[in-house]
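Shown next are two forms of a single protein chain, provided one at a time as structure tokens under the names structure 1 and structure 2.
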Structure 1
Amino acid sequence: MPKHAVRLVLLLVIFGALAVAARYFLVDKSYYKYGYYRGDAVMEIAQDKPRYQGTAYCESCHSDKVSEWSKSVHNNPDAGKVVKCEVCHGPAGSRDPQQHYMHAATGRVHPDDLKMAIPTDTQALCKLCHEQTAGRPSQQRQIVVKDHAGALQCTLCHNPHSPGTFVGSLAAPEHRGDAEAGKGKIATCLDCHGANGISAGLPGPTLAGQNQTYLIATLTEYKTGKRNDPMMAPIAAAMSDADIKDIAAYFSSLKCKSAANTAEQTAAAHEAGASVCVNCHGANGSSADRGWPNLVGQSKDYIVGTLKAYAGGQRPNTAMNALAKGMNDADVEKLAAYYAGYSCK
């Protein structure tokens, strides 16, 4: 064999050996394990966890929200309840599917160029911890969703950063009125609301035992024009702030309670389709919050008219507008009849 052919064959053998060696040392062993890619990359991507930055990271820009959260039931380590920002909003450092799932170690971080998720289906999120299930610890607040809120979103009523605080709930007045002074200021109220605040057969709602905070807010809304009524607006406009507080204090001091058994109330509320109302107004019409009205002692016609006003938007209230719009006439009649059955004793 000619020398140049031997040299050529030798060179080919050397290059072939180098190529095999290079492939052995330079190409990952898992290449082509599943296809034309590095097989171990599948497990590495699956194990690549998003970067959680912690609450302190969020506080620099969202101190008001963190303050609400820090005092809420979601931040109670002693009770084993610590639901931090990124549990609901997602991790500040995450893998974005639009960016081909870049590694968390090198991916984007909020707030540089990544928007945090704002949950839209809060019911699905809250149900993870609060839907009533057989194995869930009894000390954890649980609800039967269809009775508690139906298809409504949790944030309609609950502040998402402090869920024990209710949206639209009113703070107690800094200076409460004088009930004795208020008794001398109610002359214009008697024809519609009754001398003892019980309007049996009269056009106005029962005011006896009504929550003082709610009465002050309502009269103030009539006075400022936020809420309109051809009879109430001019009467409230003539009242001073002190008059409003005194009148509210007087009517709230009067007695109007229901004597019904608690278990009977809850069962009857469910039967009447009032389960959703119970959360705010109580099974017997006595509200759980001073800023919400009691329904005990109200007439059926008044409750029907009020619900229709909410449904039509004449009375603005985010929660009540949404609830009332979801009721048909039969629902309204049934619910009004239920609460009208609880008269003052």
Structure 2
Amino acid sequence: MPKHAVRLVLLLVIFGALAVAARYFLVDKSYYKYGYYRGDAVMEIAQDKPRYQGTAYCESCHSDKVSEWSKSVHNNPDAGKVVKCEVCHGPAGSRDPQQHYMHAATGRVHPDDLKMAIPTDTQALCKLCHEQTAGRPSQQRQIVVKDHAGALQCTLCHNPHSPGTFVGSLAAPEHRGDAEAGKGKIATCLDCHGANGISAGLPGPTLAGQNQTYLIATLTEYKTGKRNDPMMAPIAAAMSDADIKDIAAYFSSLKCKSAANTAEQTAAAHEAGASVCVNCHGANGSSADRGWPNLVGQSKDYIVGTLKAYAGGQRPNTAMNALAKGMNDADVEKLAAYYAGYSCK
């Protein structure tokens, strides 16, 4: 072979040897350990730190919330429905963001250095599962939230940890006054609220058949000054807690019932623009919850006046202030006229 060819072959051999050596030094030693891949990668990937910690992790500090939740409709394993803490609050752990994709075994953990999110826009949150949407299976509880609550936050009424129970009645404990004793303490009431508690044109609202819990709450608010009224404040101030319970028991025992809440009535209520009202006050003015007042038996003027007081903020109530502010005069007139149509029978 000529000299140049020999040199060429030699050059190729040197080049080849360098490549072999490079490969020997550069290939990871764990490659081919389990197959055509870097064996150590398995361990590295598995070492990543989990972010979602599970309900048991939350329970160690928040056992009250967890126990409330565990008995609720949001924890119903038999029906296959379990809304765990981290579904709404987000993961209780994080990974070190600098280690992104580099198999991070470090990161922050709640409560040490990671604050959990408390959802503020609960309507947006709850709608993720409960807004009526094409595609949601029928067994899923779903509503048209706009019609159900307007722009109100869901947690105004629902306890998010146990949404089947309502904040209103939860807040008001069970009260039992003596209606007979109460009958002897109402002499001053009748001038304004009418005999048998039916106002019929007098300045005060109808009290007959009103929810006991609501009456107690209202009288207590007058007594403590939380709610102000030149007429009621001094009267309530003179009452003892026992008096309030007894008087509430007496008025709630009086009859003022409208007919059953029918589908026709609901349709009529919607017609009158009361589709939001019916959720709490019923289509016929009978409240769905003891914490909220019945509207049956109230005059149109009284309802208009009350809504104006809510809108103006003279009467404080988170839900009603927000709702009343959203109504114009025509809305108020129409609503009041509608509910005034249900008088005591």
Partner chain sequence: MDELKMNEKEQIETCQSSRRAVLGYLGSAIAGSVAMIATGAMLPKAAHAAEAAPPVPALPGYDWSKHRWAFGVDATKCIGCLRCVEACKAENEVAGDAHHFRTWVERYVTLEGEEHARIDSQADPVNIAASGSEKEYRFANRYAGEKVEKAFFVPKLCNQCTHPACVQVCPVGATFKTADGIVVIDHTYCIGCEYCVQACPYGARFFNEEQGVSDKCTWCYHRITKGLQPACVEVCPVGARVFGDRNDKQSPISQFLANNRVQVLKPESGNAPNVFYVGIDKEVI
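Residue positions are counted from 1 along structure 1's sequence. By rigid core we mean the largest C-alpha set that fits within 1.5 Å across both forms. Predicted, not measured: the structure shown is a model, and the values here were computed from it.
Two forms of the same chain are shown on their own. Structure 2 is the form predicted together with its partner chain.
Relative to the superposed core, D301 shifts its CA atom by less than 2 Å between structure 1 and structure 2.
For K65, the Cα coordinates differ by 2 angstroms or more between structure 1 and structure 2 after the core has been superposed. The two forms, fitted on the rigid core, differ between structure 1 and structure 2 by less than 2 Å at the CA of Y310. When the rigid core is fitted, A41 shows a C-alpha shift of 15.6 Å between structure 1 and structure 2.
The two forms line up on their rigid core, and G80 then has its Cα shifted by 3.2 Å between structure 1 and structure 2. In the core-superposed comparison between structure 1 and structure 2, the CA atom of I14 travels 6.0 Å.
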